[in-house]
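The chain below stands alone and is given in structure tokens; this is the form predicted alone.
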């Protein structure tokens, strides 16, 4: 077995690390560590110059382990692993040491502490690297079809994005008609275009596309399997249709909040929500002369702390619509503040004021009160600028409510093994780095299923999710990162703890060479380590983080504890 030769590369990261940590000291210290054959510092190790240096040093010094001490592994670890592979070294013989977030940033006011801690972290990284083992990534084939759950604008756009690449798509919609919530909207902002003019051509494309099978009046009953090999049961009219797909896109949308118990909604016939307002005038109702719109109904309150994002836009759009058709109408918008983000919305806000729409701020601690017996006749509100209470006549009161998560989100979440956020919407893997993906590979999200989104945002997210979902399908194979758990069947007692705690359903008890033991599906395992922590016998281990590797880090830290990090 060849002697272990470790290369250590310490990054200045500009001033992010080098402005606090005394990097030259860390470099000199690393030279004294066991099995270290090469040490180098770079201004930016992630630059092409830095990556080239890693490749060159591997060849020149015969390195068979590499440690990079730099910033976040989330964005930079793939770069360094690829550099190792290009130099002929298995990428799992690489160890990342984070001396930015874990060191220079948290000790920015104490360079001595930061420098000593960086030395400790590097020593632990080198200790672990000595016991790293080459790994092979698991490969599995991908079934060339996709499932899109939800037939609204986002779902239809995602389905077309996949189908236009020649991928077979199953689009499941629980209603008997495509379109989703947008069917109830009269016109679209900002062009004022009739909804049907946009929705019908889109739905027609979906229905007529030879690569898309539309399942109307259907619901997903069950989902099993993993990326590339999902088994889906779709129920319609009491019958179950079994499908096999390689990827799943969640585009179930959201629902308008029905503010029962607020502002006498459902008690008075002329107190309606924004969608109900639009439905009335789609049917040709007369335009009222006195309209009061109340914003933030059911939003930004303890029970529902988030902002609906485009609720204000909807209120502005409908206020303008009333004034354009009935210039003499009195239209008041009562708000906590107006979220007119973006040039077009700001321009519409100004146009509404030019048309005579009046915007009045109210105090959420003293909300407007609807007056009337049997029907709303007026709205009493405390005018914050005038400092007095005023009464506004109201032939119609319109409540602007946010979108809320659908009731069946928890059920679908459990089936797909994907998380929900605190508000009940589906929670993406990472807000910035993976905004339309879940931590469960092969499952993607777009539109208001993720969070309240307007049509342009929903369409953009749908294209993104379709692009992501198409990658494994078009490649025909997926590779699971080799940090998965594995079971030593000789010591496994089949207690089932690992099965219970696995959030991805990757562990099962099966019959094997040594009887009934835990078996890990590497395509489903994400290397979270829950099963390892729950195993009472130590049979479950995780590649790249086994007991020997982790204990070596602890031992390296304990070696010089008498010196202390702070000394």
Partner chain sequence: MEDKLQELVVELLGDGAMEYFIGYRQGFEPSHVVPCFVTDKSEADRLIWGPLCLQNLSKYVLQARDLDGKVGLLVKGCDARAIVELVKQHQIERDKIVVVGVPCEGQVDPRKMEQVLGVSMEQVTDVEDAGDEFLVKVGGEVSKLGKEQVLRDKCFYCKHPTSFDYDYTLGEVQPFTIDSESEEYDAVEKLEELPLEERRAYWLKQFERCIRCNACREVCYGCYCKECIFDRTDPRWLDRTPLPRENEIYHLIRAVHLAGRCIDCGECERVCPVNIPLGRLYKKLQKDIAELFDYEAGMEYDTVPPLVDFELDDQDPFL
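Under this definition, the rigid core comprises the largest set of C-alpha atoms superposing within 1.5 Å between the forms. Note that the coordinates shown come from a computational prediction; the quantities given were computed from them, not determined experimentally. Numbering follows the first chain given and starts at 1.
Note that the form predicted in complex with its partner chain isn't included here; everything after this is about it.
**Asked** Just to confirm, residue 514 within 4.5 Å of its partner chain in the model of the complex by heavy atoms?
**Response** Result yes; residue 514 sits at the interface with its partner chain in the model of the complex.
**Asked** Quick one: does residue 496 come within 4.5 Å of its partner chain in the model of the complex, counting heavy atoms only?
**Response** Residue 496: yes, in contact with its partner chain in the model of the complex.
**Asked** Heavy atoms within 4.5 Å of its partner chain in the model of the complex: does residue 62 have any?
**Response** Residue 62: no contact with its partner chain in the model of the complex.
**Asked** Would residue 43 count as a contact of its partner chain in the model of the complex, using a 4.5 angstroms cut-off between non-hydrogen atoms?
**Response** Close contact is absent here: in the model of the complex, residue 43 is far from its partner chain, nothing within 4.5 Å, heavy atoms only.
**Message:** Under a 4.5 angstroms heavy atom criterion, identify the one residue in 56, 500, 49, 508 near its partner chain in the model of the complex.
**Reply:** The residue in contact is 500.
**Request:** Name the residue from 534, 27, 38, 523 that puts a heavy atom within 4.5 Å of its partner chain in the model of the complex.
**Result:** Answer to the contact question: 534.
**Prompt:** Though the partner is not shown here, which residues of 528-554 have a heavy atom within 4.5 Å of its partner chain in the model of the complex?
**Reply:** 534, 536, 537, 538, 539, 547, 548, 551 sit within 4.5 Å of the partner.
**Asked** Would the C-alpha of residue 490 be classed as shifted by 2 Å or more between the shown form and the other one after rigid-core alignment?
**Response** The answer is yes; the displacement is at least 2 Å.
**Request:** Answer yes if the CA of residue 524 moves 2 Å or more between the shown form and the other one after aligning the rigid core, and no otherwise.
**Result:** Moves: no, less than 2 Å.
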